[in-house]
Structures are given as structure tokens and as C-alpha cells.
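Only one chain is included here, represented as C-alpha cells and corresponding to the form predicted alone.
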Amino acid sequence: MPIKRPRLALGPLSYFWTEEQLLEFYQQIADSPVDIVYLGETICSKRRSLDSDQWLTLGRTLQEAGKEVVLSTLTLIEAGSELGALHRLCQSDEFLIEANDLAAVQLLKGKSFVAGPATNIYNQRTLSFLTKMGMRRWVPSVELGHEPLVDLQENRPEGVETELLVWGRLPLAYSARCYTARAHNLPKDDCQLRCLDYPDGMLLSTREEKPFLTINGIQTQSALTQNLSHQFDNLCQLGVDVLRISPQSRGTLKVIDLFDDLRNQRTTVEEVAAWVAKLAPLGSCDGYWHGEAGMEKHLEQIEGASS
């Protein structure tokens, strides 16, 4: 029996871009081979380049282009206004919703939804519980490596899809404090939208000037980009249904094309690896997949052989 080839998803944008940048980017995405597109703000409610009606209009445009559209919720709810916006979003039936915290899961009970990586699913019991709530697809937490995923895939509930982050900076933590504002000696309530100055986040290096983390408002990300292209055959064997690619300001369309070539057998893992150094802003990592520190790089040998 032939192995089912996975679909490609473009995850929600983690960064703060202008309206012009957003609309131009998603216009290009409409013509790309990606199958699923996640839209909406997941980090900070002050980022309002597009309002809710504009996101919906954009979703309809992408849907007309043949994409499955999913609206993503905020990961950290801190104010009554944010809770109200969450209520309105979860009441909508036009598009599937990605729940990024348990408040959204509760509001979506009885409706189909996607459980985002911040819902922290680590075991079969949680998978079964959320499936009964209405979950139809889940995104494993980024630190959940190969071995735990094997067990969860073997025992996941019927009808539930698995979507895995295969390209993008790792979302590591969220805080009530805005680190970008703090770095500029600004209070969170008067941040002056400084995130706009960092279309791929603000780099945090060690004292030895080694890239360590990326600061993105209230979110902390890895500095390195997780790349699991070299695990493509393994992911197919595991039955991963959807491969998630996180947007970055440059090279996202090329990343999508490379994974599309990979799933359609128009290229090889080695050929894809040759592009890694060019497309990952500060280099790649895959440590979590191997049960190690996330910044470890088991794919260096593949990259080196292809360069």
C-alpha cells in the first residue's frame, strides 16, 4: 500500500508586519502549492495591521484560491477585551479555528477545531479528551520528539490528523511581559509598536556573541530554525498528515516549493539540504526531534555533504 503524501500548511505569522507587507505576502501564498493557510494574530492583540473583517476577507480570497483556511487564536489571554475578541472568533462558523489555549478549546467545545502547539499535548489521554471536545487536528508541542510521537501516532483517535512543524523558529515560551518593549526601555502599555522594527524578531546572543534566542514581543523563540526536511521519509512512515512551515520575511515561498518538490518526488533530501544555509537566517537545528536540546544539529552532516 503506497504511503500517503502529507499536505503542506503555512502556520500563523508570528511577527508584526505592516498591512502592505501582509497583503503582498498572502497574495503570493495564494499562488503557492501550500494546501492550508493559518491566519490571524497569535502573539499580541496590539498588533492590528489588519482588523478582524480584513482577516476574514483575506481568508475568503485564499479559500477561493483553493486553500483550506484556519483562523488562529491568541496564545495568551490577558485582558477582558481579548477574551471578548476570542468569544467572537470562536462563535464564527465560516472557517476552522486553531485553539492556542484552553480557553479557546472550551469555547469551541462541540465544534471542529485544530489544537495548536501551545495547548501542550503530551499523551494519549489528552489526545482522547480533546478529540471528544471536537479536535480534528493537533500540532505537537515543539519539544515532543520522535520517540513520543511514535507512540502517540500508534494510538491516536480515529479521524484525528497530526500536523508537525518542519520548518521555522521554535516557539519556546510566552510571558505577560513584553521583552521587545523592555529592550527599548519602554513600558508594555506604551511599546510604540517597536515589534514593527523586527520583521523576524530581535536576536538575543550569548556573551560569546553566539545566537541564542529570538525575542518577539511576549514570545521567546529559538534563534536557529528547526528543519526536519531530512526526516521527510520518516514522517511519511509515521503517518504525519500535515507539514507546517512558519512564515519568515524572506525565503518562505522557496521553502514551500522545496517541500512541495520533496513530497512530489521531484527532488531529494540531499538537494533540499543544500538550501538550508541560504534559507535559515542563522542556521538550522533538529535537537528536539532526537530527544536532545533543541539547538543541537544532527543534520549538519547532510548539509555538509550537499554543499
Partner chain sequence: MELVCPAGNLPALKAAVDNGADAVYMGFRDDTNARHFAGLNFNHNKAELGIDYAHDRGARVFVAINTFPQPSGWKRWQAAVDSAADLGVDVLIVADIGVMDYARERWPDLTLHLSVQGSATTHEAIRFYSEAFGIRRAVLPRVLSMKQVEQVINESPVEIEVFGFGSLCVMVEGRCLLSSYVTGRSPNTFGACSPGSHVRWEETPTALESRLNGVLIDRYERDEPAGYPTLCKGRFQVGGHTFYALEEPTSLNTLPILPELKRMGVAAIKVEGRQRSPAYVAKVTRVLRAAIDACNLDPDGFTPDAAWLKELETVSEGVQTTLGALHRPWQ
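Just so we're clear, the structure is a prediction, and the values are computed from it rather than from any experiment. Numbering follows the first chain given and starts at 1.
There is another form of the same protein, the form predicted in complex with the partner chain; it is not shown, and what comes next is about it.
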With the partner absent here, would Arg177, Met202 and Ser205 each sit within 4.5 Å of the partner chain in the predicted complex, counting heavy atoms only? yes
So in the predicted complex, does Pro171 come within 4.5 Å of the partner chain, heavy atom to heavy atom? yes
Is there a heavy atom of Gly80 lying 4.5 Å or less from a heavy atom of the partner chain in the predicted complex? yes
Is it the case that Arg136, even though its partner is missing from this view, gets within 4.5 Å of the partner chain in the predicted complex, heavy atoms only? no
Is the gap between Leu164 and the partner chain in the predicted complex 4.5 Å or less for some heavy atom pair? no
If contact means a heavy atom within 4.5 Å, which one of 156-164, 186-194, 228-236, 89-97 is the stretch that engages the partner chain in the predicted complex? 186-194
Even though the chain is shown alone, can you say which residues of 117-146 have a heavy atom within 4.5 Å of the partner chain in the predicted complex? Ala118, Asn120, Tyr122, Asn123, Arg125, Thr126, Phe129, Leu130, Met133, Ser141, Val142, Glu143, Leu144
